[in-house]
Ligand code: NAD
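Below you will find one chain, with nothing else, as structure tokens; this is the form predicted on its own, and questions on how it binds or moves follow later.
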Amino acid sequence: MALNEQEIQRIVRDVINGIQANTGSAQGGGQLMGIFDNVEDAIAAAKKAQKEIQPMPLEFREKIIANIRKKIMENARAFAELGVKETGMGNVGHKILKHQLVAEKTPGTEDLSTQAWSGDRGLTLVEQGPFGVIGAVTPSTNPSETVLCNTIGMLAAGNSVVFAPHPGAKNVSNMAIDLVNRACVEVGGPANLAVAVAEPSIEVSQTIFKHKDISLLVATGGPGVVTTVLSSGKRAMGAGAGNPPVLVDETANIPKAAEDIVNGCTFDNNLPCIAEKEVVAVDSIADELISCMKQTGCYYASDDEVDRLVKTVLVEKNGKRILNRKCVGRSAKVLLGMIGVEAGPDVRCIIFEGDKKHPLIDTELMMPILGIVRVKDVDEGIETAVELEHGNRHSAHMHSTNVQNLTRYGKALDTAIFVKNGPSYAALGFGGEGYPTFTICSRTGEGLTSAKTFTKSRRCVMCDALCIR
């Protein structure tokens, strides 16, 4: 989709106007707060802001966070529209829901905790303190959502952050940074708690990765950028790729499983990394599952249509098949239109049956295309799902009423997220318990990140005193 720059700038102005409302002490005239021309200036400003925020009470951090939440809710639609317009990916309605989820359920300072031991020899405390200035890479798939969610957690922990947004989502990412700073200044806090440069580039990112004033790196993106930050020599957290399988066994509630799978797969056009990317179905229930999925809004593609989809959504580069970026995050209707199939407005997902090695099954697509692999029993299903997840240890899902099957599947996949009998987005507290995050560090083991993830442990020991037993 060709970008309409005039339309993007109109939406940018709408967001600026919404964020600037009643922010008398913030910069005016359309200037974005926290956005610099030079990366060294950005890092220096973030370092200064962190020195100001660290000694402030937790209560004051919560005051800032409360205002960030308020402004996210007020501007959720504008961010959603700008994100879709700038990147060409996703669904405005679903992106509004994601911003609301960030505002309402991202943990703040309540996520921090203190351990204590007291005895004859005194009192020992272990508390969580900030790293300092964090360098964070954010993706084009969930750009403003990631910036805002990360900032709430990093600020709650007492850090400031230098973002390296994806160049394809720089406008909406920088608008989110502006919102954070205006919300902070409005309640009396420092500017530049979150910063970035106006024009992101590989060179800018490399400077952030190597800079002496950056204490922690957090990368949310593809395997390339995650590998880069993990090779930086700094403490790093990596939220990389996944290819989440969903296994359906013979004991599942099949109509509900079909509805949950389609709801999860089609949320924001399959952009969330946790979303169902392929289905593994036990043979005895596969036909019923497919029938129910059709009733839930799925288009069953013929072999010829699947072949055309392969040629459309995957392209050859340097002898390898890679994703056609023009197809990522597009709706099922648009994808079918690309192969000459006219679909009605009710079509939500494209499904087909295929072998586990099929390129549209073995590859993480981030599109509402679901390949279905038929297996003879749950044992083969578990083995197949393990292969398809590719050892990313990211996310996996299963529909079953057999606790033993669920247990064996969970142990075999060993993923950071395992959703049972629900849509994938339940893992982020949307229709399920728990909190959201858009940085899921499966590769480095932190799992779903939150404020406590962005802290160091500090032990404070008082000898022979402060024990009153």
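What you see is a predicted model, and the numbers here were worked out from it, not measured in a lab. The first residue of the shown sequence is 1; numbering continues from there.
Keep in mind that the form predicted together with nicotinamide-adenine-dinucleotide (NAD) is not shown, yet the notes after this line are about it.
**Student:** Determine whether any heavy atom of residue 202 comes within 4.5 Å of a heavy atom of nicotinamide-adenine-dinucleotide (NAD) in the model of the complex, and answer yes or no.
**Tutor:** Yes, residue 202 sits close enough to nicotinamide-adenine-dinucleotide (NAD) in the model of the complex that at least one of its heavy atoms falls within 4.5 Å.
**Student:** In the model of the complex, does residue 225 have a heavy atom within 4.5 Å of nicotinamide-adenine-dinucleotide (NAD)?
**Tutor:** Yes, residue 225 sits close enough to nicotinamide-adenine-dinucleotide (NAD) in the model of the complex that at least one of its heavy atoms falls within 4.5 Å.
**Student:** Taking the shortest heavy atom distance, is residue 325 within 4.5 Å of nicotinamide-adenine-dinucleotide (NAD) in the model of the complex?
**Tutor:** Answer yes; at least one heavy atom of residue 325 falls within 4.5 Å of nicotinamide-adenine-dinucleotide (NAD) in the model of the complex.
**Student:** Mark residue 209 yes when one of its heavy atoms lies within 4.5 Å of a heavy atom of nicotinamide-adenine-dinucleotide (NAD) in the model of the complex, and no otherwise.
**Tutor:** Yes, residue 209 sits close enough to nicotinamide-adenine-dinucleotide (NAD) in the model of the complex that at least one of its heavy atoms falls within 4.5 Å.
**Student:** Find the only residue in 389, 81, 364, 111 having a heavy atom within 4.5 Å of nicotinamide-adenine-dinucleotide (NAD) in the model of the complex.
**Tutor:** Answer to the contact question: 364.
**Student:** Answer with one of 75, 159, 269, 220: the residue that has a non-hydrogen atom within 4.5 Å of nicotinamide-adenine-dinucleotide (NAD) in the model of the complex.
**Tutor:** It is 220.
**Student:** Each of 141, 239 and 442 near nicotinamide-adenine-dinucleotide (NAD) in the model of the complex, meaning some heavy atom within 4.5 Å?
**Tutor:** Per the other structure, all of 141, 239 and 442 touch nicotinamide-adenine-dinucleotide (NAD).
**Student:** Heavy atoms, 4.5 Å, nicotinamide-adenine-dinucleotide (NAD) in the model of the complex: which of 94 to 102, 177 to 185, 240 to 248, 342 to 350 makes the cut? Say which one.
**Tutor:** Going by heavy atoms within 4.5 Å, the stretch is 240 to 248.
**Student:** Though the partner is not shown here, which residues of 387 to 401 have a heavy atom within 4.5 Å of nicotinamide-adenine-dinucleotide (NAD) in the model of the complex?
**Tutor:** Stretch hits: a single one, 394.
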